[in-house]
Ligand SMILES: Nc1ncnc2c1ncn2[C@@H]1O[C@H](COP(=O)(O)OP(=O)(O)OP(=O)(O)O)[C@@H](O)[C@H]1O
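Next up: a single chain in C-alpha coordinates, the form predicted on its own.
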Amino acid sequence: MKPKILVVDDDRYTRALIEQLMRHSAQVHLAENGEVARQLFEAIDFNLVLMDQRLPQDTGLDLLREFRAQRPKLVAILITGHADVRDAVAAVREGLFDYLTKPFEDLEALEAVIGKALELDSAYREIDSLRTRLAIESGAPDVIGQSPAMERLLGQVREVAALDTTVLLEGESGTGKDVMAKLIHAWSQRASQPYLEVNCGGLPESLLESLLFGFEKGAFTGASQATPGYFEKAHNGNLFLDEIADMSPKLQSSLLRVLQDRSFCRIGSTSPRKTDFRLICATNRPLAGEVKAGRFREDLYYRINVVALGLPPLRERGDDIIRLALHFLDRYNAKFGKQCGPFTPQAVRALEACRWPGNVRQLQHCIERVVALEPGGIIDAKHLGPSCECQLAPDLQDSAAPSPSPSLAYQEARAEFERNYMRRLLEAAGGNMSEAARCSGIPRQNLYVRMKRWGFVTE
(Lines give C-alpha, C1' and ligand atoms only; values in the text may rest on other atoms or scores of the structure.)
Protein backbone atom coordinates (compact mmCIF):
# COMPACT_ATOMS: atom_id res chain seq x y z
CA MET A 1 0.00 0.00 0.00
CA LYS A 2 1.32 3.41 -0.94
CA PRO A 3 2.07 5.88 1.86
CA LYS A 4 -0.36 8.79 2.30
CA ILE A 5 0.94 12.36 2.12
CA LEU A 6 -1.00 15.52 3.05
CA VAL A 7 0.15 18.70 1.30
CA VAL A 8 -1.24 21.91 2.82
CA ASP A 9 -0.45 25.03 0.78
CA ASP A 10 -2.57 27.88 -0.56
CA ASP A 11 -0.37 28.02 -3.66
CA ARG A 12 -1.94 25.68 -6.21
CA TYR A 13 1.31 25.48 -8.19
CA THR A 14 3.17 24.13 -5.16
CA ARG A 15 0.40 21.59 -4.50
CA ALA A 16 0.43 20.47 -8.13
CA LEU A 17 4.21 20.20 -8.21
CA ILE A 18 4.43 17.90 -5.17
CA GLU A 19 1.47 15.84 -6.35
CA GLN A 20 3.11 15.36 -9.75
CA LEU A 21 6.48 14.53 -8.18
CA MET A 22 5.12 11.86 -5.80
CA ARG A 23 2.18 10.50 -7.77
CA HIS A 24 3.85 7.16 -8.56
CA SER A 25 5.13 6.43 -5.06
CA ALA A 26 2.46 7.87 -2.74
CA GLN A 27 -1.19 8.83 -2.37
CA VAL A 28 -1.12 12.63 -2.26
CA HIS A 29 -4.02 14.56 -0.67
CA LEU A 30 -4.21 18.32 -1.14
CA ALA A 31 -5.55 21.10 1.08
CA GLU A 32 -5.51 24.81 0.33
CA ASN A 33 -6.22 25.96 3.90
CA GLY A 34 -6.26 24.86 7.53
CA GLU A 35 -9.95 23.97 7.60
CA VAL A 36 -9.65 21.44 4.77
CA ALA A 37 -6.42 20.12 6.27
CA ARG A 38 -8.13 19.47 9.63
CA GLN A 39 -10.94 17.56 7.94
CA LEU A 40 -8.52 15.39 5.97
CA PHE A 41 -6.27 14.81 9.01
CA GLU A 42 -9.26 13.67 11.05
CA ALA A 43 -10.34 11.18 8.37
CA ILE A 44 -6.99 9.77 7.14
CA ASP A 45 -3.96 8.32 8.87
CA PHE A 46 -1.23 10.20 7.01
CA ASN A 47 2.37 9.01 6.84
CA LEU A 48 3.68 12.52 6.19
CA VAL A 49 2.39 16.10 6.30
CA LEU A 50 3.97 18.91 4.25
CA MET A 51 2.69 22.23 5.59
CA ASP A 52 3.17 25.76 4.25
CA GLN A 53 4.05 28.24 7.00
CA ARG A 54 1.78 30.99 5.65
CA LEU A 55 -1.84 29.91 5.28
CA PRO A 56 -5.12 31.86 5.17
CA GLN A 57 -6.25 32.31 8.81
CA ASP A 58 -3.56 29.90 10.13
CA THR A 59 0.18 29.53 10.45
CA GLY A 60 1.62 26.22 9.38
CA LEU A 61 3.67 25.84 12.56
CA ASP A 62 0.63 26.30 14.82
CA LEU A 63 -1.38 23.83 12.73
CA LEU A 64 1.41 21.28 12.90
CA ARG A 65 1.55 21.70 16.68
CA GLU A 66 -2.17 20.98 16.73
CA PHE A 67 -1.72 17.85 14.62
CA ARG A 68 1.25 16.62 16.66
CA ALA A 69 -0.76 17.00 19.86
CA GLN A 70 -3.07 14.34 18.40
CA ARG A 71 -0.23 12.23 16.98
CA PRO A 72 3.09 12.89 18.79
CA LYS A 73 5.07 10.78 16.32
CA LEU A 74 3.66 12.53 13.25
CA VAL A 75 6.42 13.07 10.67
CA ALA A 76 6.06 16.57 9.22
CA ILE A 77 7.93 19.00 6.98
CA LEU A 78 7.39 22.76 7.02
CA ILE A 79 7.41 24.63 3.70
CA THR A 80 8.56 28.21 3.97
CA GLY A 81 9.84 31.18 2.05
CA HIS A 82 13.38 32.46 2.56
CA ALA A 83 12.07 35.21 4.84
CA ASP A 84 10.59 32.66 7.24
CA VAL A 85 13.61 30.42 7.68
CA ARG A 86 13.88 31.41 11.34
CA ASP A 87 10.40 29.95 11.94
CA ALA A 88 11.44 26.80 10.11
CA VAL A 89 14.54 26.32 12.23
CA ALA A 90 12.41 26.74 15.35
CA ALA A 91 10.03 24.11 13.98
CA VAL A 92 12.85 21.60 13.53
CA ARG A 93 13.95 22.28 17.10
CA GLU A 94 10.45 21.34 18.20
CA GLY A 95 10.75 17.96 16.54
CA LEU A 96 9.59 18.44 12.95
CA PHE A 97 11.56 16.33 10.51
CA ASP A 98 12.83 19.13 8.28
CA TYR A 99 11.91 22.29 6.42
CA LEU A 100 11.92 23.22 2.72
CA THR A 101 12.26 26.67 1.20
CA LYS A 102 10.32 27.87 -1.83
CA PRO A 103 10.79 28.05 -4.72
CA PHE A 104 12.09 24.50 -5.08
CA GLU A 105 15.27 24.64 -7.16
CA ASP A 106 16.26 20.95 -6.96
CA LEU A 107 13.37 18.52 -7.42
CA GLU A 108 15.60 15.52 -6.79
CA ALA A 109 16.61 16.97 -3.44
CA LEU A 110 12.93 17.63 -2.65
CA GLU A 111 12.05 14.03 -3.49
CA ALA A 112 14.98 12.77 -1.41
CA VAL A 113 13.84 14.70 1.70
CA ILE A 114 10.29 13.40 1.30
CA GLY A 115 11.65 9.86 0.86
CA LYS A 116 13.72 10.06 4.07
CA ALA A 117 10.70 11.40 5.98
CA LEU A 118 8.57 8.49 4.77
CA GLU A 119 11.30 6.06 5.85
CA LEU A 120 11.21 7.56 9.34
CA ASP A 121 7.43 7.14 9.52
CA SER A 122 7.82 3.53 8.37
CA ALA A 123 10.31 2.92 11.18
CA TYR A 124 7.95 4.38 13.79
CA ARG A 125 5.09 2.19 12.56
CA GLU A 126 7.22 -0.95 12.45
CA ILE A 127 8.27 -0.49 16.07
CA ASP A 128 4.69 0.08 17.21
CA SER A 129 3.59 -3.01 15.27
CA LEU A 130 6.39 -5.03 16.83
CA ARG A 131 5.34 -4.04 20.34
CA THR A 132 1.76 -5.08 19.60
CA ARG A 133 2.91 -8.43 18.24
CA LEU A 134 5.22 -9.05 21.19
CA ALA A 135 2.34 -8.40 23.56
CA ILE A 136 0.60 -11.32 21.86
CA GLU A 137 3.67 -13.55 21.39
CA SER A 138 4.85 -13.32 24.98
CA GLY A 139 8.39 -14.52 25.52
CA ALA A 140 9.69 -13.47 22.10
CA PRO A 141 12.54 -10.92 22.29
CA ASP A 142 12.58 -7.59 20.46
CA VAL A 143 13.90 -8.05 16.93
CA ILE A 144 13.98 -4.87 14.85
CA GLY A 145 14.75 -5.14 11.16
CA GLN A 146 13.27 -4.97 7.69
CA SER A 147 16.48 -4.96 5.67
CA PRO A 148 16.83 -7.79 3.13
CA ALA A 149 19.62 -9.33 5.21
CA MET A 150 17.45 -9.43 8.35
CA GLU A 151 14.33 -10.62 6.58
CA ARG A 152 16.35 -13.48 5.12
CA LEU A 153 17.83 -14.33 8.53
CA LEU A 154 14.47 -14.22 10.32
CA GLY A 155 12.98 -16.52 7.69
CA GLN A 156 15.79 -19.00 8.31
CA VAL A 157 15.38 -18.71 12.09
CA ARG A 158 11.65 -19.42 11.88
CA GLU A 159 12.27 -22.53 9.76
CA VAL A 160 15.09 -23.83 11.96
CA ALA A 161 13.28 -23.10 15.23
CA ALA A 162 10.59 -25.63 14.35
CA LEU A 163 13.23 -28.32 13.77
CA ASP A 164 14.72 -30.04 16.81
CA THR A 165 18.31 -29.72 15.64
CA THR A 166 21.56 -28.08 16.75
CA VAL A 167 22.08 -24.50 15.55
CA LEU A 168 25.37 -22.60 15.20
CA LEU A 169 25.12 -18.79 15.14
CA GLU A 170 28.12 -16.97 13.67
CA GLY A 171 28.62 -13.22 13.59
CA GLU A 172 30.64 -10.28 14.85
CA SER A 173 30.37 -9.21 18.48
CA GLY A 174 27.28 -7.13 19.13
CA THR A 175 25.21 -8.45 16.22
CA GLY A 176 22.61 -10.01 18.52
CA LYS A 177 23.45 -13.71 18.61
CA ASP A 178 21.93 -14.01 22.09
CA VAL A 179 18.72 -12.39 20.82
CA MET A 180 18.50 -14.88 17.95
CA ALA A 181 19.06 -17.76 20.37
CA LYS A 182 16.14 -16.54 22.50
CA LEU A 183 14.03 -16.18 19.35
CA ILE A 184 14.79 -19.76 18.33
CA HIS A 185 13.68 -20.88 21.78
CA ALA A 186 10.49 -18.75 21.66
CA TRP A 187 9.54 -20.16 18.24
CA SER A 188 10.49 -23.76 19.00
CA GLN A 189 8.40 -26.68 20.24
CA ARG A 190 10.38 -26.44 23.49
CA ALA A 191 9.27 -22.86 24.19
CA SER A 192 7.39 -23.83 27.36
CA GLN A 193 10.44 -25.66 28.72
CA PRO A 194 13.64 -24.22 30.29
CA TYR A 195 15.99 -21.92 28.40
CA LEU A 196 19.49 -21.55 29.83
CA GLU A 197 22.50 -19.69 28.52
CA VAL A 198 26.15 -19.43 29.52
CA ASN A 199 29.10 -17.49 28.11
CA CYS A 200 31.93 -19.99 27.64
CA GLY A 201 34.51 -17.22 27.32
CA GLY A 202 33.62 -15.44 30.52
CA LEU A 203 34.31 -18.22 33.05
CA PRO A 204 37.37 -20.22 34.18
CA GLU A 205 37.45 -23.82 33.01
CA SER A 206 36.71 -25.35 36.44
CA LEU A 207 33.77 -23.03 37.10
CA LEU A 208 32.32 -23.60 33.63
CA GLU A 209 32.64 -27.37 34.08
CA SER A 210 30.78 -27.34 37.40
CA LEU A 211 28.15 -25.00 35.93
CA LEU A 212 27.47 -27.34 33.00
CA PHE A 213 27.80 -30.75 34.65
CA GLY A 214 26.71 -29.97 38.21
CA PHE A 215 28.36 -31.65 41.20
CA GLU A 216 27.73 -33.90 44.18
CA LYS A 217 28.14 -32.89 47.79
CA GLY A 218 31.82 -33.00 48.77
CA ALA A 219 33.05 -33.24 45.18
CA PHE A 220 35.43 -30.35 45.90
CA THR A 221 36.10 -27.78 48.58
CA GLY A 222 33.00 -25.67 49.03
CA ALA A 223 30.60 -28.22 47.53
CA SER A 224 28.30 -28.25 50.56
CA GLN A 225 25.32 -29.74 48.74
CA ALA A 226 24.50 -31.56 45.51
CA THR A 227 23.79 -29.10 42.69
CA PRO A 228 22.39 -29.88 39.22
CA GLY A 229 24.16 -28.36 36.21
CA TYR A 230 22.87 -26.77 33.04
CA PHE A 231 22.88 -30.07 31.14
CA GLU A 232 20.43 -31.34 33.72
CA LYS A 233 18.37 -28.18 34.14
CA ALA A 234 17.95 -27.76 30.37
CA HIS A 235 16.26 -31.19 30.02
CA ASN A 236 13.47 -30.90 27.40
CA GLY A 237 14.47 -27.27 26.76
CA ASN A 238 17.14 -25.27 24.94
CA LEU A 239 20.75 -24.67 26.06
CA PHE A 240 22.65 -21.73 24.58
CA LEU A 241 26.45 -21.82 24.73
CA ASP A 242 27.77 -18.39 23.74
CA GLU A 243 31.35 -17.90 22.49
CA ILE A 244 31.89 -21.63 22.25
CA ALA A 245 35.21 -21.05 20.45
CA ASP A 246 36.63 -19.99 23.84
CA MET A 247 35.85 -23.35 25.46
CA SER A 248 38.97 -25.21 26.65
CA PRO A 249 40.10 -28.40 24.84
CA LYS A 250 39.17 -30.49 27.89
CA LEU A 251 35.61 -29.17 27.97
CA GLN A 252 35.31 -29.51 24.21
CA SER A 253 36.01 -33.22 24.62
CA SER A 254 33.52 -33.50 27.48
CA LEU A 255 30.82 -31.68 25.53
CA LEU A 256 31.35 -33.97 22.54
CA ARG A 257 30.67 -37.03 24.71
CA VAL A 258 27.50 -35.48 26.10
CA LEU A 259 26.21 -34.72 22.60
CA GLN A 260 27.04 -38.23 21.39
CA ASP A 261 25.50 -40.16 24.30
CA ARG A 262 22.99 -37.63 25.62
CA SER A 263 24.22 -38.57 29.07
CA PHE A 264 26.67 -37.14 31.60
CA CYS A 265 27.90 -37.54 35.15
CA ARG A 266 27.92 -34.88 37.79
CA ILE A 267 31.37 -33.96 39.13
CA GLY A 268 32.13 -36.38 41.97
CA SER A 269 29.76 -39.05 40.68
CA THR A 270 30.04 -42.10 38.41
CA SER A 271 26.29 -42.49 37.89
CA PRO A 272 25.27 -41.37 34.39
CA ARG A 273 22.25 -39.12 33.96
CA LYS A 274 20.21 -38.84 30.80
CA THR A 275 19.37 -35.47 29.30
CA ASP A 276 17.45 -34.20 26.27
CA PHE A 277 18.13 -30.61 25.30
CA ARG A 278 18.51 -28.76 22.01
CA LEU A 279 21.90 -27.09 21.74
CA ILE A 280 22.33 -23.58 20.31
CA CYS A 281 25.92 -22.33 19.97
CA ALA A 282 27.37 -18.98 19.03
CA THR A 283 30.80 -17.61 18.14
CA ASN A 284 32.25 -14.32 16.95
CA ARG A 285 35.12 -16.16 15.25
CA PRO A 286 34.59 -18.50 12.27
CA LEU A 287 34.89 -22.01 13.73
CA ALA A 288 36.28 -23.41 10.48
CA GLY A 289 39.31 -21.16 10.94
CA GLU A 290 39.62 -22.20 14.60
CA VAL A 291 39.62 -25.87 13.53
CA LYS A 292 42.30 -25.19 10.92
CA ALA A 293 44.41 -23.41 13.54
CA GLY A 294 44.09 -26.39 15.89
CA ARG A 295 42.19 -24.47 18.58
CA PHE A 296 38.86 -26.25 18.15
CA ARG A 297 38.13 -29.96 17.82
CA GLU A 298 37.19 -30.94 14.31
CA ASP A 299 34.81 -33.70 15.45
CA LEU A 300 32.98 -31.30 17.77
CA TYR A 301 32.78 -28.75 14.98
CA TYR A 302 30.98 -31.21 12.72
CA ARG A 303 28.72 -32.21 15.59
CA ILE A 304 27.49 -28.65 16.27
CA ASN A 305 27.64 -27.32 12.71
CA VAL A 306 24.35 -28.95 11.70
CA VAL A 307 22.58 -25.72 10.78
CA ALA A 308 24.77 -22.59 10.64
CA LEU A 309 23.25 -19.11 10.49
CA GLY A 310 25.32 -15.99 9.80
CA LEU A 311 24.23 -12.74 11.47
CA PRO A 312 24.86 -9.62 9.34
CA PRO A 313 26.83 -6.72 10.84
CA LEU A 314 24.88 -3.53 11.41
CA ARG A 315 26.72 -1.70 8.61
CA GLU A 316 25.07 -4.09 6.12
CA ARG A 317 21.54 -3.56 7.42
CA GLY A 318 20.74 -0.19 5.80
CA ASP A 319 17.67 1.51 7.23
CA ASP A 320 17.59 -0.85 10.23
CA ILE A 321 20.03 1.55 11.89
CA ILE A 322 17.34 4.22 12.28
CA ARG A 323 14.69 1.65 13.23
CA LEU A 324 16.95 0.36 16.00
CA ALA A 325 17.85 3.88 17.12
CA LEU A 326 14.17 4.78 17.47
CA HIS A 327 13.50 1.54 19.33
CA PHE A 328 16.30 2.21 21.82
CA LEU A 329 15.20 5.85 22.13
CA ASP A 330 11.72 4.76 23.22
CA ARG A 331 13.17 2.14 25.57
CA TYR A 332 15.50 4.50 27.43
CA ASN A 333 13.01 7.37 27.48
CA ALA A 334 10.69 5.00 29.37
CA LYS A 335 13.48 3.70 31.59
CA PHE A 336 14.83 7.12 32.59
CA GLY A 337 11.52 9.01 32.53
CA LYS A 338 12.78 11.33 29.78
CA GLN A 339 11.26 12.82 26.63
CA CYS A 340 14.28 12.97 24.36
CA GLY A 341 13.81 13.11 20.62
CA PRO A 342 13.02 12.98 17.87
CA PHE A 343 16.25 12.85 15.86
CA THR A 344 17.01 15.79 13.60
CA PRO A 345 17.85 15.11 9.92
CA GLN A 346 21.51 15.79 10.80
CA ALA A 347 21.39 13.16 13.54
CA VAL A 348 19.78 10.67 11.17
CA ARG A 349 22.52 11.25 8.62
CA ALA A 350 25.20 10.90 11.30
CA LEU A 351 23.75 7.63 12.57
CA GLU A 352 23.54 6.22 9.05
CA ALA A 353 27.10 7.32 8.25
CA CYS A 354 28.55 5.42 11.20
CA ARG A 355 30.38 2.15 10.54
CA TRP A 356 29.33 0.81 13.98
CA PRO A 357 32.21 -1.61 14.61
CA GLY A 358 30.43 -2.68 17.81
CA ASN A 359 27.23 -3.31 15.84
CA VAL A 360 23.81 -3.22 17.55
CA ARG A 361 25.33 -3.24 21.04
CA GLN A 362 27.35 -0.11 20.28
CA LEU A 363 24.31 1.68 18.85
CA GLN A 364 22.28 0.71 21.91
CA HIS A 365 24.90 2.11 24.29
CA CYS A 366 25.15 5.29 22.20
CA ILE A 367 21.41 5.99 22.47
CA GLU A 368 21.36 5.05 26.16
CA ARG A 369 24.15 7.56 26.81
CA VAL A 370 22.35 10.34 24.93
CA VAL A 371 19.08 9.83 26.79
CA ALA A 372 20.86 9.54 30.14
CA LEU A 373 22.81 12.78 29.70
CA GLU A 374 20.39 15.03 27.80
CA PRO A 375 17.54 16.75 29.67
CA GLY A 376 15.08 16.27 26.81
CA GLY A 377 14.09 17.73 23.47
CA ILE A 378 15.42 16.99 20.01
CA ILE A 379 18.56 14.94 19.45
CA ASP A 380 21.00 16.53 17.01
CA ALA A 381 24.20 15.08 15.58
CA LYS A 382 26.27 16.94 18.19
CA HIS A 383 24.41 15.14 20.99
CA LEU A 384 25.59 11.74 19.79
CA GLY A 385 29.06 12.60 21.06
CA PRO A 386 32.45 11.03 20.38
CA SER A 387 31.76 8.00 22.56
CA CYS A 388 29.47 6.54 19.91
CA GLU A 389 32.51 6.46 17.60
CA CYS A 390 30.46 7.44 14.58
CA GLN A 391 32.84 7.52 11.66
CA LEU A 392 32.32 7.70 7.94
CA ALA A 393 33.49 4.70 6.01
CA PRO A 394 37.30 4.99 5.78
CA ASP A 395 37.18 4.81 2.02
CA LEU A 396 34.84 7.82 1.89
CA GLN A 397 36.63 10.10 4.31
CA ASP A 398 39.05 11.25 1.63
CA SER A 399 36.55 11.15 -1.20
CA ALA A 400 35.63 14.81 -1.20
CA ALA A 401 36.10 16.27 -4.62
CA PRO A 402 38.59 19.11 -5.17
CA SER A 403 37.10 22.56 -4.68
CA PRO A 404 35.73 23.94 -7.95
CA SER A 405 37.52 26.93 -9.41
CA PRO A 406 36.11 30.23 -8.04
CA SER A 407 36.20 31.63 -11.57
CA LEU A 408 33.37 29.31 -12.62
CA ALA A 409 29.74 30.43 -12.60
CA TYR A 410 27.74 29.02 -9.68
CA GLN A 411 25.83 26.45 -11.75
CA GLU A 412 29.04 25.27 -13.45
CA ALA A 413 30.87 24.97 -10.11
CA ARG A 414 27.99 23.03 -8.64
CA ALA A 415 27.94 20.65 -11.61
CA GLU A 416 31.70 20.13 -11.37
CA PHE A 417 31.47 19.31 -7.67
CA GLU A 418 28.59 16.86 -8.19
CA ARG A 419 30.36 15.09 -11.06
CA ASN A 420 33.56 14.61 -9.03
CA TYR A 421 31.66 13.61 -5.91
CA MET A 422 29.58 11.00 -7.76
CA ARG A 423 32.67 9.51 -9.40
CA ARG A 424 34.57 9.21 -6.09
CA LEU A 425 31.48 7.91 -4.30
CA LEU A 426 30.95 5.12 -6.82
CA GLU A 427 34.64 4.20 -6.72
CA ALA A 428 34.65 4.06 -2.90
CA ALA A 429 31.55 1.84 -2.93
CA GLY A 430 33.21 -0.58 -5.35
CA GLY A 431 30.53 0.07 -7.96
CA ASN A 432 27.78 -1.07 -5.56
CA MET A 433 24.87 1.36 -5.96
CA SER A 434 23.17 0.25 -2.74
CA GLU A 435 26.32 0.90 -0.71
CA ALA A 436 26.83 4.25 -2.46
CA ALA A 437 23.23 5.25 -1.67
CA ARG A 438 23.67 4.27 1.98
CA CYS A 439 26.90 6.21 2.39
CA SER A 440 25.64 9.33 0.61
CA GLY A 441 22.16 9.41 2.14
CA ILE A 442 20.62 9.76 -1.31
CA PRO A 443 17.76 7.34 -2.15
CA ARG A 444 19.04 4.66 -4.52
CA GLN A 445 16.66 5.59 -7.35
CA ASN A 446 17.63 9.26 -7.19
CA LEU A 447 21.31 8.37 -6.98
CA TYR A 448 20.98 6.18 -10.07
CA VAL A 449 19.47 9.09 -12.01
CA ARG A 450 22.38 11.34 -11.04
CA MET A 451 24.98 8.68 -11.84
CA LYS A 452 23.37 8.11 -15.22
CA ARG A 453 23.37 11.85 -15.90
CA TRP A 454 27.15 11.92 -15.56
CA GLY A 455 27.63 8.71 -17.54
CA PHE A 456 28.90 6.63 -14.59
CA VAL A 457 26.19 3.98 -15.08
CA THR A 458 24.36 2.77 -18.14
CA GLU A 459 21.01 1.06 -18.73
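In this text, residue numbers run from 1 along the sequence as written. From a predicted model like this one, the values you see are computed outputs, not experimental measurements.
Keep in mind that the form predicted together with the named molecule is not shown, yet the notes after this line are about it.
In summary, among the residues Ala161, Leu324, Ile114, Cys340, the only one with a non-hydrogen atom within 4.5 Å of the named molecule in the model of the complex is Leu324. Of the residues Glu172, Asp246, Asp330, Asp319, just one reaches the named molecule in the model of the complex with a heavy atom at 4.5 Å or closer; this is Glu172.
Checking 175 to 183, 209 to 217, 100 to 108, 301 to 309 against the named molecule in the model of the complex, the stretch whose residues place heavy atoms within 4.5 Å of it is 175 to 183. Contact between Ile367 and the named molecule in the model of the complex is not found at the 4.5 Å heavy atom cutoff. Remark: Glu352 does not count among the residues lining the named molecule in the model of the complex, judged by a heavy atom distance of 4.5 Å or less. Residue contact with the named molecule in the model of the complex: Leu203 places no heavy atom within 4.5 Å of it. Mapping the unseen interface onto this chain, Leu251 falls outside it, with no heavy atom inside 4.5 Å of the named molecule in the model of the complex. Residues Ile144, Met150 are the ones in 144 to 168 with at least one heavy atom within 4.5 Å of the named molecule in the model of the complex, listed in sequence order.
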